[in-house]
Ligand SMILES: Nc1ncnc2c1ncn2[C@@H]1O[C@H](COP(=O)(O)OP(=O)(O)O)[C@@H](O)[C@H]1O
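Just the one chain here, laid out as structure tokens, in the form predicted alone.
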Amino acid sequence: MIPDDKLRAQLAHTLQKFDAPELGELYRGKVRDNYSRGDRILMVTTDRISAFDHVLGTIPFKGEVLSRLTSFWFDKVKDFAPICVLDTPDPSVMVVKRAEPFPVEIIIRGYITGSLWRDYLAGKAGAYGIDWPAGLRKDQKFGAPIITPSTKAQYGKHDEPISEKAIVDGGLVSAKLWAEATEVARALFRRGQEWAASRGLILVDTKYEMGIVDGKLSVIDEIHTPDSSRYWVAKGYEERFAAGQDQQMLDKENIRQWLISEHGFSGHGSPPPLTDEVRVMLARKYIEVFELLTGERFESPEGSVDARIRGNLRSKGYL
């Protein structure tokens, strides 16, 4: 595990954005800076952290953790999940085939927690077209994973819950393609849960983004990272659940809970500034889940992420 003093030293060198117009047309998302040219997109995963549809700041080594974990997971599911990665010229960069993305995200959940729990408590979970039983408890495991899709909003706007029926009936995705996509999503989640369990973790829920590449269904974004997924420490889950205690989280929910509990912020108004202490805490959580999942020690040189990426892109002919 990287010591805290190195995490603190890296605070000054995080990647807030990556500007390189010579790479193509830029689309800047919440976390990634994507440069497109022809049928290819060069995706730079920055160190930005977002929550409740707001970009909050940067976290040391976050972009590299996400990209390296995505490569790790893609290798684990390549036997059945179509992916569109062509090259990884830097630990924070992927070159992918251009896709026609679905206008919705596939969110699959094994437990009721997080935003779904908050909506369930408030009586707002009906938008998914699911008849939720009464008496569910926070962090309770479902009998089988449940799909709760959402729309994909532009930065600054809110993703909205949507039912599978509305997706198909509204022509957002054809019935045949949706059935294929959700079958792949369930297989991905099953593989992810099995591997996480073997590493002492619970893969609680996750989101998948899919689209069409060369006329075929493809996974087009990160999978099973602490940004896109929720992870709990498996040991003690039952005891904590029985006692109504919070689970041990190794994912972005840590920053959401800090915003809610410390600042009463859940998306309305301006978010509070991140303290260095919180930035280091989240970096530690992300690196911990990386090391647990991969069995590798996370190592990365201290210093400018921007300079490292530019050097690697130049050496491989992209710049």
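These numbers were taken from a predicted model, which means no experiment stands behind them. Note that residue numbering begins at 1 and tracks the sequence as displayed.
Omitted from view is the form predicted in complex with the ligand, to which the following refers.
Student: In the model of the complex, does R68 come within 4.5 Å of the ligand, counting heavy atoms only?
Tutor: Although the ligand is absent here, R68 would stay clear of it in the model of the complex, with no heavy atoms inside 4.5 Å.
Student: Would you check, heavy atoms only and a 4.5 Å threshold, whether G29 touches the ligand in the model of the complex?
Tutor: Yes, G29 lies within 4.5 Å of the ligand in the model of the complex.
Student: Look up in the model of the complex whether I202 has a non-hydrogen atom within 4.5 angstroms of the ligand, and give yes or no.
Tutor: The answer is no: I202 has no heavy atom within 4.5 Å of the ligand.
Student: Is K78 near the ligand? Define near as a heavy atom within 4.5 Å, in the model of the complex.
Tutor: Result no; K78 lies far from the ligand in the model of the complex.
Student: N34, C84 and K97: each with a heavy atom within 4.5 Å of the ligand in the model of the complex?
Tutor: Yes: each residue has a heavy atom within 4.5 Å of the partner.
Student: Check each of R186, R118, K152, R240 and return the one that places a heavy atom within 4.5 angstroms of the ligand in the model of the complex.
Tutor: Among R186, R118, K152, R240, a heavy atom within 4.5 Å of the ligand in the model of the complex occurs only for K152.
Student: Among A283, I49, L250, I41, which has at least one heavy atom within 4.5 Å of the ligand in the model of the complex?
Tutor: If I apply the 4.5 Å criterion carefully, the residue I get is I41.
Student: Among 288-296, 256-264, 41-49, 273-281, which stretch sits within 4.5 Å of the ligand in the model of the complex, heavy atoms only?
Tutor: Going by heavy atoms within 4.5 Å, the stretch is 41-49.
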